[in-house]
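The chain that follows stands alone, in the form predicted alone, written as structure tokens.
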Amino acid sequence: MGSRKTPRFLTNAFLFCVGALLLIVGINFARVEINRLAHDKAVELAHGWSTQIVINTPFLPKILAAPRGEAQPIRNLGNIQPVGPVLGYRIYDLTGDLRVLVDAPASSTDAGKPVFHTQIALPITTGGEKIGTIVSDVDASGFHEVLMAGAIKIGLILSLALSFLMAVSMMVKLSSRKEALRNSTHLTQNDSVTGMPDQPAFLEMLATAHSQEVAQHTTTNLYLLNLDRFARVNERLGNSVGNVLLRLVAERLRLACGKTVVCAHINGDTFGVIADERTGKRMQQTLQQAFLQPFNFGQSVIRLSASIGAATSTAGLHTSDELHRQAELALRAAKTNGGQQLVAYDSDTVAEFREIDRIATLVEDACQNNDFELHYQPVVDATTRKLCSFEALLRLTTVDGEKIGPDSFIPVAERIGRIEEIGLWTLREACRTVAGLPKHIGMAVNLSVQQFNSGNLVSEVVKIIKDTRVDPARIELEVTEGIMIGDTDPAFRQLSQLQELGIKIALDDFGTGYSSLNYLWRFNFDKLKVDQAFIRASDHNPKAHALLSKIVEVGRLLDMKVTAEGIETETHATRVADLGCDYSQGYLFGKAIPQTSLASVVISEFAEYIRRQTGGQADVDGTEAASS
């Protein structure tokens, strides 16, 4: 494991401390230098003042040479008063005795200002010989203030200049980083379809971004986009139109992301976006908004959506491959969760999708390898218990023998956009099967609500009936109450067209979803299938039994046949028959069986029916029964 990079805030804190220390040292150095300059100025003033005293006081040598005594007291040279910065002075003879003392009338320093006083001692000479010493009190505050003001101005100018240089340096770094990302390899050519960098260039630019991130203590944000159900667009409109749409998507991404963000066409219908720390904060919303408006293609308007997986290197990733892998996992989570959304990588979030992702992979493999299988559960007349039809139930078994229940893989198939393909395969296989059974036996097939979205359901059903040569009257299509959600008119219109073909339409699992009597009269369903929860609850709950009775009554009132699901005991069978149900379905009459077992079930049921009709006196040739 390599060493982790230093967090950026620690680096900034260290640089701030170093800068503050240098500033303190610089201020102290400037203060010492200003004090020295002010003292030198004071010396210069004192020297000039003492020279004036010697020149303007010719009797000064006599004063200093005379012996000290009562006749020679301390004198005040009143005719020569100190002015300006000189506050006063004292003159001493060679023996150190004070001979002259002159004080300024008042201080020249304004109140409230800092005072920079100093004493300057200079020799007094005549004829080249020293005859005494003059000590001057000089106030250099004015000079000191001027120098300090100048130093402050210079410091401000230098600080502004330094800030400007740092800002320019940062801009140059960012610009060089982005330029390096765009020009990380001059040998790699752009993708021929979109004009964007291709996958090798993308991976190299990602590695470059990550290495610069480590050096500059920043972060890299990676987004992988996959167009939802784009394969169907290619199938419906052709590859040439698909390529045009890819170019339009690429252009929209360029405009949305701007020149500072790297966009690449990785492969097929997948794109990649690399953003730095600053632009990465707004990129999530930008990418999602890029697909809000439809794409104009000639006179056509095509709507596309995208699943987006996001990952960031703030977790201290050591390689760009790790970042890429995390974005791929997030993208898979977005796809398996239904698409048209952005999922940011998080270990807990992605873990929730791992099972869904596993099942999605199994569904994809089953679609490609034709691994799905149909089992058939019998439906009998509730009174005579004669076999009337089968319900085709989809099954999925892995190569390891694991059985995946429909409750698990059907929602996943709907999420990943495979349910229409699977539903049509189920209907085709069920029609082929029932075409080989006695003509009085029908076949029920479940439809997903999503199969109505494309608007092609009726034409596909017509083609299947034509190919399998089955009588449409033997086919029953079951829909759940989920079809009642949203805009029901398109779905009801397609159901009506199917009924016009002779196909029966049944409302499945009635009573557990979005039950409403309003829906029952808006569409003329042929059959109402009561959910098994009512059958089980009626064993011990009088209210459930009463409600079950009313459901059957409503079905018959609206001229619908009623099937009771979940019949597992003789009590159940007798109860629903007494309530007036037309058909019964459940383990009591048989579990779902594979196609290879259908013939024996049909023969046995037919033989049992004949025995019941003849009081057990007739034998039936199984071969003749199967062919009748």
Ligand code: C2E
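Computed from a predicted model, the values in this text were never measured in an experiment. Start at 1 and count along the sequence shown; that's the residue number.
The following text describes the form predicted together with the ligand, which does not appear among the structures shown.
Enquirer: Exactly one of D407, E500, D467, D489 has a non-hydrogen atom within 4.5 Å of the ligand in the model of the complex; which residue is it?
Expert: Going through each option in turn, the one that passes is D407.
Enquirer: Would you kindly say which of S538, S389, Q494, S448 lies with a heavy atom within 4.5 Å of the ligand in the model of the complex?
Expert: It is S448 that has a heavy atom within 4.5 Å of the partner.
Enquirer: Check for me: heavy atom within 4.5 Å of the ligand in the model of the complex, for each of Q377, L394 and E478, yes or no.
Expert: Each of the three qualifies.
Enquirer: State yes or no: in the model of the complex, is some non-hydrogen atom of E568 no more than 4.5 angstroms from a non-hydrogen atom of the ligand?
Expert: Close contact exists here: in the model of the complex, E568 approaches the ligand to within 4.5 Å, heavy atoms only.
Enquirer: Contact between D276 and the ligand in the model of the complex at 4.5 Å, heavy atoms?
Expert: Heavy-atom contact with the ligand at 4.5 Å: absent for D276.
Enquirer: Is there a heavy atom of T118 lying 4.5 Å or less from a heavy atom of the ligand in the model of the complex?
Expert: Output for T118 is no: heavy atoms all beyond 4.5 Å of the ligand.
Enquirer: Tell me, yes or no, whether Q532 is in contact with the ligand in the model of the complex, where a contact means a heavy atom of each within 4.5 Å.
Expert: Judged by the heavy-atom cut-off of 4.5 Å, Q532 is in contact with the ligand in the model of the complex.
Enquirer: Which of these stretches, 225 to 233, 407 to 415, 299 to 307, 326 to 334, has heavy atoms within 4.5 Å of the ligand in the model of the complex?
Expert: Checking each option against the 4.5 Å cut-off leaves 407 to 415.
Enquirer: Can you name the residues of 426 to 444 that have a heavy atom within 4.5 Å of the ligand in the model of the complex?
Expert: Sequence-ordered list has one entry, T426.
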